[in-house]
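Just one chain is shown here, as structure tokens, and it is the form predicted alone.
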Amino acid sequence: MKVTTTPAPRSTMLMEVELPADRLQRSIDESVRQLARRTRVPGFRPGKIPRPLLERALGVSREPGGPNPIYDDAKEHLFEGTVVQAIQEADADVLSIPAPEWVSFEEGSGARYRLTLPLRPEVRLGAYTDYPFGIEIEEIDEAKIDSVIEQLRDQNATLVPVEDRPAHKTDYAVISFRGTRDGHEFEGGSAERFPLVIGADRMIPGFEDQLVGLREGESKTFSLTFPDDYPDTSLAGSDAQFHVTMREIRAKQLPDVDDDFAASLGTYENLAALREEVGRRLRANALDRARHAFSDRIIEFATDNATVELPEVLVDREVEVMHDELRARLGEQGIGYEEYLKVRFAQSEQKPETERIIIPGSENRGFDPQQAEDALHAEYRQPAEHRVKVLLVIGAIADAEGIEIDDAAVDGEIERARTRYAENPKLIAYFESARGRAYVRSTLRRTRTVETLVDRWLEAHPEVGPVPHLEDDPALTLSAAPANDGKVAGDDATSQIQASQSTGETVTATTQRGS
């Protein structure tokens, strides 16, 4: 066997394998024996069929490019039996083995195949220390504490009946309504007791404005036009008439900011103690965000300064990972993957992505699932390339720094996973598998690498002081607040303070506004 390799673009290598005639003949003879055992020819026992009759029974063609099941079987086994040895001879760190291209395959002469192998790319690190930036920590002042206190007031407000005035914006209302178009009711256009906050723009434009001024028990009839980009194309741009009756009106009543308010949220002696706790948590959150932001800047700094050619196979794998992540996020929200694709790609592209709302069961004409899948795949490609480069660069830094993860650390993380995902045995089984352990080890290694760089910078800049992760501060615990029945939000102060500082991405589902 003769192996020839040639470097190719994007961290690939062209490998050509030449096989002698005797090696080829052994493979063909073995295929003839195997196929003869599996093929029935009248008058012959299995395995005793002469080759000419076997070829006739299998439909072998001697024309160039014609079907030849014997050669096909021989090629498959010949490739499987030689490619690993060829790669070892080439001393190549291969990411995957693609199908070969057969250049020649001729009895009496030999065979030759070639394939383009994706190689683990070489990362040429640039600067990844001595950053031209530092940690930026948000200053927590009294105004920020006041803002959280106001949010806590709003979250712990009560709803009180309104009897002496008509409805205002921000009121909580319960209405009944019936919508018609050309005198006929349309699907989804009626409800008997429908709750909403007036002015929250949950309904189509103009609907909630018509509720202002109505008293309990009063009714009103009005006309509106559905937006041109309304997801249900049968209603988009059409006029409709609505008959609405105000059933209930409630207003939000905020609690006074005093010692009693503080006590209602937990074991706080007075308002000053609550403000102190809010300030402490805000400062801890600010440190946590600063550390994460600094870590992100370090990663981007190192990635920008590194040079690496990305193999297509790694980018394709990362695109698939991003697809899987999207499916998981949608599944958590009870939204079907195809429904997301329908709304994401069937709606007008003139509409900003942030305003594209998922509407289960909405009508989307002219939708091609494969085209939508391809469009999403193309959209993911650039961020996938960046993610692959980031992972490779962090791995190269870990190599340069000599960072390794021992079995004890992997076992500890898997044990935590058993507790965290106790109701998901499949996920636990994955973590316990060889592949899952490798994933945990690589994830821990990347995390430790970045944390090492952050801690090293902090040691060199003692004037900054400690910048811990939020979960690393054992003092950040609050006693659970008593139940606050009848309030707008019934959560304890701990989670409410956290919520006031948190952000996240969601895919929204609604059947009203559709904007």
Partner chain sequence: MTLEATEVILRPVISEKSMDETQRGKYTFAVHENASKIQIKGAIEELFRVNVTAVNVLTTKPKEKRRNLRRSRVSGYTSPWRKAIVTLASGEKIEFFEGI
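Numbering follows the first chain given and starts at 1. Rigid core: the largest C-alpha set superposing within 1.5 Å between the two forms. The structure displayed is predicted, hence computed values, not measured ones.
Not on display, but discussed next: the form predicted in complex with the partner chain.
Asker: Please check if Leu470 has a heavy atom lying within 4.5 Å of any heavy atom of the partner chain in the predicted bound form.
Answerer: No, Leu470 is distant from the partner.
Asker: Is Val464 near the partner chain? Define near as a heavy atom within 4.5 Å, in the predicted bound form.
Answerer: Contact check for Val464: no, nothing within 4.5 Å of the partner chain in the predicted bound form.
Asker: Under a 4.5 Å heavy atom criterion, is Arg56 part of the interface with the partner chain in the predicted bound form?
Answerer: Yes, Arg56 sits close enough to the partner chain in the predicted bound form that at least one of its heavy atoms falls within 4.5 Å.
Asker: I'd like to know whether Lys48 contacts the partner chain in the predicted bound form, with contact meaning heavy atoms within 4.5 angstroms.
Answerer: Lys48 belongs to the contact set for the partner chain.
Asker: Would you point out which of 48-56, 27-35, 456-464, 443-451 contains residues with a non-hydrogen atom within 4.5 Å of the partner chain in the predicted bound form?
Answerer: Among the candidates, contact is made by 48-56.
Asker: Once both forms sit on the same rigid core, is the C-alpha displacement of Val464 at or above 2 Å between this form and the one not shown?
Answerer: No, the C-alpha moves less than 2 Å.
Asker: Does the distance between the two CA positions of Pro52 reach 2 Å or more between this form and the one not shown, the core being superposed?
Answerer: No; that C-alpha moves by less than 2 Å between this form and the one not shown.
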